[in-house]
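Below, in structure tokens: the form predicted on its own, a single chain.
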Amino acid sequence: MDDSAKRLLQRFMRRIPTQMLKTTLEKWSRLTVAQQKSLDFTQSKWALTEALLDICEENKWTTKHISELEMIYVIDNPNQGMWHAFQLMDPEDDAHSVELTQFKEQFKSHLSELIRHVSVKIKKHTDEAVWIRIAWGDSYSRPNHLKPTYVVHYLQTPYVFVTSLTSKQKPLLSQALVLSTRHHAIKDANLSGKKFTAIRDLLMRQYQQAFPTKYPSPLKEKNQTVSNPLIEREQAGPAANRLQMACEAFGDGMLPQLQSAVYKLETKFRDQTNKTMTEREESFRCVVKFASTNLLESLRDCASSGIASTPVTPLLSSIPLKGRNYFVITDNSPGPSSQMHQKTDG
């Protein structure tokens, strides 16, 4: 067992919670029953690490085997790191027929042609997602398994999710993905977040959506102590309308746990009381960020409770509608009366 494999195992042991270790090792399926029983999971992390190092040394396991273990843990616990969404563009006629085996061979082949030293592992998950682990090297150095890139792609869809990718590696990965999926281009989807499941569900519409209705049902009153039925009916109508519009804008039921949305403003300054700023020729620039443990749910609650006005402004409803959480707001045309439009950055 070389130093690279030892460092990878030690880092893995630092990352994984002790209570998840036993299950993850069982899924790895490389330990014998006797080796599994020899591990005392009540011991300290340090003692468990030493015991696993001895077993790996005895079996002469390499970075190939340890990276398999790490990959199992990451697939089961994807909500860590910063994930970025991308969308494949202009599919060829046979793009829908690309199978897993074909994709594996093509992706590894194309990436190996672009970079001399690279290690690629591909694993299909139970939800049809194809998980890819890439350890990058270069012309002179071996792949660095301590800083891998993870890629998730759903075959027969244009969606790709990536974490831990540098600007130097991005064009290499993009080219390999485009060629192996039979597309002509790939673009940034302007959607990112620390919760992989949230950005996946938002972009792929895997959550309960509400659709416009002309006759929304009145809300059921939670507090049954209201004595005046006229007041109750008068309050229930506007409340039901607000809830309907809020659900149409952001979705119904459980929503993807998106944690932030960023708006970059590049517009003319509009305030007649401040002529110095208003008369400036260059655009006024600032960044506005909304943050919450569940941003979509917070925005929906604000709209349905009357804290925010309804109908919901397109600047906010565009988050679920377009599957994005990064927007650039620019002026449609020069002048203080011009309308604003949303522009994709990059």
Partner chain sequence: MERQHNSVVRTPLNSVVVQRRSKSKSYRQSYRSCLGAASRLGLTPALTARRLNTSRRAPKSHNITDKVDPEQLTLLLKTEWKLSYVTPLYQFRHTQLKSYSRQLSAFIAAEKQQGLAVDAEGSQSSFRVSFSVVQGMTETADDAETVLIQIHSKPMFAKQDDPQKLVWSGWLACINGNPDYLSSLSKDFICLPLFGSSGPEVLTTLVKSWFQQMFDCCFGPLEISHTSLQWLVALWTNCHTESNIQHLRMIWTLPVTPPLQITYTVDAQDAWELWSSVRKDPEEESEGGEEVEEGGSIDLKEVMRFMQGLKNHFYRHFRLDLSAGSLQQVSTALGSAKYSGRIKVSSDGKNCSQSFSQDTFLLTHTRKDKCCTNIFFLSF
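The shown structure was predicted, so the numbers you read here are calculated from the model rather than taken from an experiment. Positions refer to the first chain, counted from 1.
Below, we turn to the form predicted together with the partner chain, even though it does not appear here.
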Non-hydrogen atom within 4.5 angstroms of the partner chain in the model of the complex for each of Y73, E92 and S97: no
Note: exactly one of K268, H84, H183, H110 sits with a heavy atom within 4.5 Å of the partner chain in the model of the complex, namely K268
Note: exactly one of S305, S38, T32, Q43 sits with a heavy atom within 4.5 Å of the partner chain in the model of the complex, namely S305
L52 near the partner chain in the model of the complex, any heavy atom under 4.5 Å? no
Find out whether any non-hydrogen atom of N274 is located within 4.5 angstroms of the partner chain in the model of the complex, and reply yes or no. yes
Quick one: does T293 come within 4.5 Å of the partner chain in the model of the complex, counting heavy atoms only? yes
Quick check on D301: any heavy atom within 4.5 Å of the partner chain in the model of the complex? yes
The stretch from 64 to 72, 22 to 30, 282 to 290, 43 to 51 that lies within 4.5 Å of the partner chain in the model of the complex, judged by heavy atoms, is 282 to 290
Those residues of 305 to 323 with a non-hydrogen atom no more than 4.5 Å from the partner chain in the model of the complex are S305, I307, A308, S309, T310, P311, T313, L315, L316
